[in-house]
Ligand code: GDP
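Next comes just one chain, in structure tokens: the form predicted alone.
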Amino acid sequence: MRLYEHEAKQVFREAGIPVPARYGVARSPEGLDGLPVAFPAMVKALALTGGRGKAGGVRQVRDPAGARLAAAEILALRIGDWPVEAVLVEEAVPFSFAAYLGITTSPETFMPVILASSRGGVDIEAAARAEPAAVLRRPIDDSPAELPPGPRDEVVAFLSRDLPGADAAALAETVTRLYHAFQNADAKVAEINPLLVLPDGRVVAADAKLVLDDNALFRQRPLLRRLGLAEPRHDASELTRDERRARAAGFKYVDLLPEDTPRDPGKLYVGLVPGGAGYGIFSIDEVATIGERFLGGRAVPVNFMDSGGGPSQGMVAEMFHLLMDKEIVDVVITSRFGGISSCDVFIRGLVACLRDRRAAGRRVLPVYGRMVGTDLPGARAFLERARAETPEALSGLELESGNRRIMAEVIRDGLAKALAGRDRNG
């Protein structure tokens, strides 16, 4: 669940992180008239998506007329295909430097990672691709409730190199308090971009992003009430492209990596089509564990997926299409434990996907997995006929039937083969 900027800043303020003075939120240009604004001020689009500044959704204004004009123009925008329905009006903070500070969760270890850079106010992913040394990534082992001094001091030292005049104590306090807010709110992401360094060395969070873990919202009812939210927000703009695609197709899907994550050439990115929610969670954990224990930490699970009970053949095909259309995915691991669902419907959907993609010249990825349970004899017979009829289309499919081997072994062998094949072919 994403928070709007003014909501995230309220959480940061409660955690002791300095933020600009807030004058109010308005849903129309006329709504600014009653706000106690001191100029110059900032008028900012409130939208649950990135890219507001590039889209013209952040303006500095110097008088009431300019504020109303900026509000009118911003409220007419669509950012990331989503309309802007409100604007935040707050203090304009003079500054000397802008930095970036964020905390997220590693998809490989599920531990917090602090990201820091003196290149604030920019797309941090693009900055990392263009100049990797400009971004510090500091994993925090064992996810302690409070940030230990060692990692804190490392982040402060990294930032201080390129932020002359920044108060090291103020930086340290902000890093510590941001980590506290991240843990205390059960967050997936806590980000300040930009973190402004003022002429006197103090720091201020000029922007704020906070994404809460949906699975922990039951613990965050007090926080939601403080933000004026009676219920968790489930806004469609929170979804990634592929999450929206899956919702339209009728199945549950969650991206484990940020949208447009840059590819690490040393990693194997693993898409997962499991046989249910439990198998989905198991598959994520097993891919990460096997990758860490046997593959040098090179295997990265990309997604969670759940078809629900009794998916149609078309839905099964779309689940595989989605992952094969996803550029970062290298290999697909699948499991079908036929209970409510049918192994026969599953294999027909998978084969249809592979045949359609091969015929259309679309990318076909290796698929490794296992199926067992309801309608297994019919599924096995169909797969044998399909292999005889279209061997080329199914050449990358290695699917075991029956429960002679546990799924963990199937995953391990599949990842090892996929990694060896990828390394061999460059």
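Residues carry their position along the shown sequence, with the first being 1. These numbers come from a predicted model, not from an experiment.
Beyond what is shown, the protein has a form predicted in complex with guanosine-5'-diphosphate (GDP); the following relates to that form.
The closest heavy atom approach of Gly378 to guanosine-5'-diphosphate (GDP) in the predicted complex falls outside 4.5 Å.
Contact between Pro194 and guanosine-5'-diphosphate (GDP) in the predicted complex is found at the 4.5 Å heavy atom cutoff. In the predicted complex, guanosine-5'-diphosphate (GDP) sits within 4.5 Å of a heavy atom belonging to Ala92. Leu354 falls outside the set of residues with a heavy atom inside 4.5 Å of guanosine-5'-diphosphate (GDP) in the predicted complex. Partner contact region in the predicted complex: 203-211, out of 101-109, 154-162, 203-211, 141-149, criterion any non-hydrogen atom within 4.5 Å of guanosine-5'-diphosphate (GDP). The listed set Leu399, Val364, Val58, Leu48 contains one residue whose heavy atoms approach guanosine-5'-diphosphate (GDP) in the predicted complex to within 4.5 Å, identified as Val58. Note on the partner interface in the predicted complex: the residue among Val372, Met42, Leu383, Leu394 having a heavy atom within 4.5 angstroms of guanosine-5'-diphosphate (GDP) is Met42.
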